[in-house]
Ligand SMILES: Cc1cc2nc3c(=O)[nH]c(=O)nc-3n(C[C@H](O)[C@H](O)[C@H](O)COP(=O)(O)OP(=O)(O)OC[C@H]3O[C@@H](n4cnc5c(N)ncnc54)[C@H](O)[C@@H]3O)c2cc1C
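In structure tokens, one chain follows: the form predicted alone.
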């Protein structure tokens, strides 16, 4: 049971949450385990439909990756092609609209509940190698064919340099349908929206057991919730159920936040206030915060959360792209854990007839978690079509992965470092 990490987001949250722990025996229609984006999105969708929902969280709302991530709202669902192949369907027919559904939910939530979370539109996929340009050109053709309603176009090397003030990239794909936001403020805002509709949220209440039955019982140290349905939404932080062990790797990603940058520097490096991401597995991503800090994130072979280590690693990476920031003060440095399934397909499934789980977004969490919450609310309500789309693709299992995940992830990182360079 811990408080938030020392992130920029935790330091600038609109209002910190302080929900009580679960004490005593409670009853509900649905108990949701985990108060990150998946759990809160599920709870809010259910509360809007009139369900009595209780959310149980081990730490704080948005404590995990939901409140620590890069804040990039990016379309797409990892593992799309694998899901389409499994169903013998064309990937565009299956995912053409679905890959953007989370965006619509986020926009609707922000507007309906007046959530202040610094939402801005505009995003660049940047190319490091020629093969990336070919991939972006194919994406551009796909967007054109689908009638994508937002501005999108390929940028040349010189146009990319003019747009984000660096010569580090060969070109880019601009997409004004994607964007960026303050993820913790979004998650907390949605939690308060769910609470306003009657949902109960309990923090500092780690789940010790789930007793299966006609009505399942979620047990914590000081209380319990007996419910018709349970939704497990712990993502990389939940290993209570044996069935969920070894099907997903917890992968660390790290972010730094500089001091607020002068206006002339902002005008040099990102005058259009775009989010930026490269296509590598060990990717780098960055954007400006509302107060004009550069938030710069990347993965590297490290499993701790020492801010000094993160600062040292990321300052070098950031300075390769923006030499003018080599001496910028770094005010925040933190890490978080994302869930990466072995086959990269989001994992939706059942532990028992009335106990569901939903996890594993491989870094596409802001978008896909909101769609996932809607899908989980659907399956609770008896509509399983979209749930079965993913649930029928059985997770690949790596025996012992929950015990040996650090050396396995380290080997995976080395593998992808080589692959990214080829």
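On a predicted model such as this, the values are computed, not experimentally measured, just so you know. Positions refer to the first chain, counted from 1.
Separately, the form predicted together with the named molecule exists; it is not shown, and the next lines address it.
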Item checked: Contact residue in the model of the complex, from 280, 146, 337, 166 (heavy atom within 4.5 Å of the named molecule) -> 337
Margin query: Considering non-hydrogen atoms and a 4.5 Å limit, which listed residue (47, 58, 379, 389) is close to the named molecule in the model of the complex?
Written below: 58
Check: the named molecule isn't shown here, but in the model of the complex, which of 112-120, 129-137, 347-355, 251-259 has heavy atoms within 4.5 Å of it?
Finding: 251-259
Next item on the list: Consider residue 191 of the chain shown here, and say whether it contacts the named molecule in the model of the complex, taking contact as heavy atoms within 4.5 Å.
Entry: no
Next item on the list: Examine residue 43 and determine whether its closest non-hydrogen atom to the named molecule in the model of the complex is within 4.5 angstroms.
Entry: no
Notebook entry, point to check: Is residue 71 one of the residues lying within 4.5 Å of the named molecule in the model of the complex, judged by heavy atom distances?
Noted result: yes
Next item on the list: Give a yes/no on whether residue 102 approaches the named molecule to within 4.5 Å in the model of the complex, heavy atoms considered.
Entry: no
Note to self: Using a 4.5 Å cut-off on any heavy atom, which residues of 25-49 would contact the named molecule in the model of the complex?
What the structure shows: 33, 34, 35, 36, 37, 38, 39
